[in-house]
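Next up is one chain by itself, shown in structure tokens, the form predicted on its own.
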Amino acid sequence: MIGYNRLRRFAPLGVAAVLALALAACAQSYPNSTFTPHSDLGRSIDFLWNRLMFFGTIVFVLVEGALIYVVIRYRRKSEDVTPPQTHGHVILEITWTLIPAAILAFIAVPTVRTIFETQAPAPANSLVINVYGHQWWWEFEYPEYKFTTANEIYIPKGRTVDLVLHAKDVIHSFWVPQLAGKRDAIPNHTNHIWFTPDSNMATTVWNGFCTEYCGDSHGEMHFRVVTVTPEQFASWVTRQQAPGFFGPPAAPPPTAIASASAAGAATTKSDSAAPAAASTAAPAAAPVAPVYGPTASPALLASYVLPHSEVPEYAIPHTPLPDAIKFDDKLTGDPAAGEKLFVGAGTCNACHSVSGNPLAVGTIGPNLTHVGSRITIAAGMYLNDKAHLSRWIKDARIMKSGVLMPTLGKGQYDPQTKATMPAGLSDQQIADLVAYLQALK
């Protein structure tokens, strides 16, 4: 009776668990499921899974059926009757040796074939992206186009992508469930994984993860993959190749210099052929427009980047803001002042780089050249908006455990050093930095 009462007590919990599973199965969206592949590599793995599940199910049914038959057929009927003995039965032993061997053959052939397919070198003309795993963020380098970004990659639909995996510290593992299988990034070893995104899918965002435990913030080491059309990708590359200036660059871009020189030469030649009486001073070349800021070139401003309004809900992080970090969200930042702070006194430029700015060449932290256009910050942990970015700058070590980025806010507690910062940035200075960083799009 005691056992019966215990079962009755736990029965409601069992019913609740079954109902929860049933409701979960009714969901319409599975953003991180491997069962809806959108690449050739994903379909190869899916095919192998389905094949192994098919044969495994057959084996399970046959083995369990035989077991039930034997239990019923040969159950002991009397204490005085000894059942038939099969020890040393050669035919029976050969049979139960050959059957598993045949089953293994059916499993081994598709498995080995898939291994060779997924481990083969990437096809020629693939888009090469160098992937570097850090504790705890991802760095992506496009050597063909000579730029680097962080925690987000854009890839063109229909073109094979060859991801060259590296690790800067410990072992990490790269995984985008609906596009590719898992592959480790190992220190002092180069690994590869390649796949071709389906050309007929919509422009969208996919979640990526580190799936090898790598320290305190392993579970907060995410990234985003944006699949776009070839035309959108080419436009996005143009934007990424541009320097990340806010306001006039230190020197005109090479193409602008060449254009201005050609225009000056043509003007001089025309003036020399004109009558002396009509000779006037040659007009000065038009000033080169800054790469970013209010007077940025229309072509560059029109280059593609996925609007935040088009990011699927499943790709938007909802990590709550820590109560321990207070910030005056009503403050308005000055981007120009923020740029001076960024490169002044080693505040940010000691660890971060902004392409085109000779004073910002740090390599410890993520490249921030176009950080304003990214969906998230802190390796996919927080949404890239003013509220989250300002608190991240103020006290990143409360926002994410174990990060290298120091506590910068004045009077903030640093959980790693166990000390309160006597000096640091005011809320207004942080607002200026945020305005500058958000301008780098």
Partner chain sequence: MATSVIETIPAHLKPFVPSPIPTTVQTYGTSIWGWITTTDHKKIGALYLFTALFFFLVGGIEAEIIRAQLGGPNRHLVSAETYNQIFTMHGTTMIFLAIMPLSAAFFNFIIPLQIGARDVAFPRLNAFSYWIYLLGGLFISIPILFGHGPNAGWFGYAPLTTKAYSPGINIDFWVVGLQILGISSLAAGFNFITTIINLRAPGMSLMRMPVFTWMAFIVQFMIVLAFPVVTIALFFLLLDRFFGTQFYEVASGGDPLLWQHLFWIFGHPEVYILVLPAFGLVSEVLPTFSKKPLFGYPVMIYSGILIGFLGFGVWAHHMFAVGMGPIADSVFGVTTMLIAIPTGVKIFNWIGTIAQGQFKATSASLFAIGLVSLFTIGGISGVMHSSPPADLQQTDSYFVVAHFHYVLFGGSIMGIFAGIYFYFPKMFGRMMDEKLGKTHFWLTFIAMNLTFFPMHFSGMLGMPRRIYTYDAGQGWEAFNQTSTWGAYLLFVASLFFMYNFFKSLRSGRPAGPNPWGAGTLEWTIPSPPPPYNFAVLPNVTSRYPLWEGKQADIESARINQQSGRSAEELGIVLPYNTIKPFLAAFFLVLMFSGLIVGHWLIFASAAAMVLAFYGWLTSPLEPEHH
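As the structure is a prediction and not an experimental result, all values here were calculated from the model. Numbering follows the first chain given and starts at 1. The term rigid core refers to the most C-alpha atoms you can superpose between the two forms while keeping them within 1.5 Å.
The following text describes the form predicted together with the partner chain, which does not appear among the structures shown.
Considering the partner chain in the predicted complex, the lone stretch of 354 to 362, 168 to 176, 335 to 343, 236 to 244 in range is 168 to 176 [heavy atom distance within 4.5 Å]. Comment: the partner chain is not present in this chain, but in the predicted complex one of Y132, F209, Y145, Y304 has a heavy atom within 4.5 Å of it, namely F209. In the predicted complex, the partner chain stays beyond 4.5 Å of every heavy atom belonging to C348. Proximity of G158 to the partner chain in the predicted complex: non-hydrogen atoms within 4.5 Å are absent; the residue sits far from the partner.
In the predicted complex, the partner chain lies farther than 4.5 Å from every heavy atom of D385.
The partner chain in the predicted complex is not approached by I375, whose heavy atoms all lie more than 4.5 angstroms from it. Of the residues in 112 to 151, those that come within 4.5 Å of the partner chain in the predicted complex through at least one heavy atom are, in sequence order, V112, T114, I115, F116, Q119, Q135.
After superposing the rigid core, the C-alpha of W49 moves by less than 2 Å between this form and the one not shown.
Once both forms are fitted on their rigid core, the CA atom of H308 lies less than 2 Å apart between this form and the one not shown. With the core superposed, M405 shows a C-alpha displacement below 2 Å between this form and the one not shown.
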